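The data below hold one chain only, encoded as structure tokens and taken in the form predicted on its own.
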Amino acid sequence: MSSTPRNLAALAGITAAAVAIGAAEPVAVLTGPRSAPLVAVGGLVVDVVPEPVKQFAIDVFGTYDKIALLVGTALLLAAIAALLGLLAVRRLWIGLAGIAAFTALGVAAALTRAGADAADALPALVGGGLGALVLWAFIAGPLEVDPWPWSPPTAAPPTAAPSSATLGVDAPAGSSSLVVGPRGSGPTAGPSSADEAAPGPAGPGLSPGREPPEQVAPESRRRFLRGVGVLAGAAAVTGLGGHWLAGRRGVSAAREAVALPAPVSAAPAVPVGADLSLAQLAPYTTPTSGFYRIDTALVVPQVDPQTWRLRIHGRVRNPIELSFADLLARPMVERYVTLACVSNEVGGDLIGNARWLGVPIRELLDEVEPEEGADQVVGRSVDGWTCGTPTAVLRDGRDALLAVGMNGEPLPVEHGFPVRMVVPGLYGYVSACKWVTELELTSFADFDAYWVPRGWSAQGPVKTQSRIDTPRPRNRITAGPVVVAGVAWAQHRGVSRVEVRVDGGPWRDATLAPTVSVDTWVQWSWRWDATPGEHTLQVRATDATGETQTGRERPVEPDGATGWHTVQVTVR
């Protein structure tokens, strides 16, 4: 058993874990950021965590769900590392075995990711080895100890029994003595038995025969803490340095060097009045920096356009492979398309409208000639994620694109650079494959894409939806004329009508702003003569097929939320 105190043992375990994670980062620069243990294990968590937990994270953290997962994983690891440090005090091999188990988990997580090779095990192996070495050094290394700081008083030498002359009285033999001190002092009671003698060597509060506890010598403790500080600092420097180097090896420079070709068919001009330019109302075109991002990638894949390849294969007569240069050489079209995430709650903001540049997927499918029964096109990302899109949808004339540009620039890296899929009218989980490297023709009967085994529908057409952007919930507004406004969408069908009601009263028609096409959302507005008090506003939309948005409230799983967006406001 080590002499390391509990608090220092827990600190040793946490330091060992920090060294393991920090040391792995520079190695992951060479093997790829997805092989870093924290990211690899986090990715494994994303794949295996129950769907309700995953949806809860999206609901609570939104687009920051990945950061929350990494921070939560690090905190959990710190707690387990502290426990391993405590266990190592009793049995060193238990702590080392725990580190070995976590190393094996990191190796397994890295090697099971799509496209992994043997080198991806190195970050976890290097980090785990150094972490074990640190734990061994802290726990097995001797600490100087001081004895219990209380030192018992030296027993006073026996004194002669006072004489009657001293006492001034005759004292009967065997009775308790009344000892009188020097002239002028008061009398004190002397001990009447041996049990009341001065404390023995066990010290105060300790029973006879019990060993006094030991404390780490101050200088030894200072050396221990200095070692913790140095190693923790080194771990932080190497970890952050590894991230910095990974960024330097990214594809930002390659993206900046891309010159997008002019489209043979430009996007229609945005009609005058399509954007009402009201405070709190989402702009008609979503800025690229504000476009939502929902995917399973804990680290953004860095795909070099020089080495990127797209395979179109499977149940086709003429499989093809294209380079990025091949794709850019093809005729490009530019279109406004509104994309929506299936995880978007009623009234949520996981939706955006952008101008996309790309090659029509329909033309590529015509070239490869899908076989009879190949009713699904599986888009496969560089990180192994898959989505399944109906082949018929990609060939029915809508502007489904292999996009290379967004709002006039090359795709941002976090939005799929160099190439992604954009399909109007379908939720992203069945169509919007980022960092796409494969299109495989198959059938829904033969293959389930990533989200289908996790409880989501195989096909996800976007539902007709609407949202109130202004006034916002719990806004306090002044009585009188108030503009109620928002957006509505029914991609590839179009919105024909939006209605608003107050406090459950009759539905009133809102005014629709002009829009580019049926593939984008539309802004709407309604003038309300607000009266003082608490009020409830609701909105519903009707698409161009005549189907009105249902008021039945349903969660996002398995194929998108339903219900009327409801806002509570206070009028003064």
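None of the values given here were measured: they were computed from a predicted structure. Throughout, we count residues from 1 along the sequence that is shown.
Omitted from view is the form predicted together with a small molecule, to which the following refers.
- The small molecule in the predicted bound form is not approached by Ser252, whose heavy atoms all lie more than 4.5 angstroms from it.
- Interface membership of His492, defined by any non-hydrogen atom within 4.5 Å of the small molecule in the predicted bound form, is ruled out.
- When contacts are judged by a 4.5 Å heavy atom cut-off, Asp399 does not count as touching the small molecule in the predicted bound form.
- Using a 4.5 Å cutoff between non-hydrogen atoms, Ser265 does not count as a contact of the small molecule in the predicted bound form.
- Segments offered: 483 to 491, 459 to 467, 120 to 128, 289 to 297. Contacting the small molecule in the predicted bound form at heavy atom distances within 4.5 Å is 289 to 297.
- In terms of contact with the small molecule in the predicted bound form, the residue from Arg362, His415, Arg355, His243 that brings a heavy atom within 4.5 Å is His415.
- Site annotation in the predicted bound form: the residue of Phe102, Trp385, Tyr336, Phe138 reaching within 4.5 Å of the small molecule with a heavy atom is Trp385.
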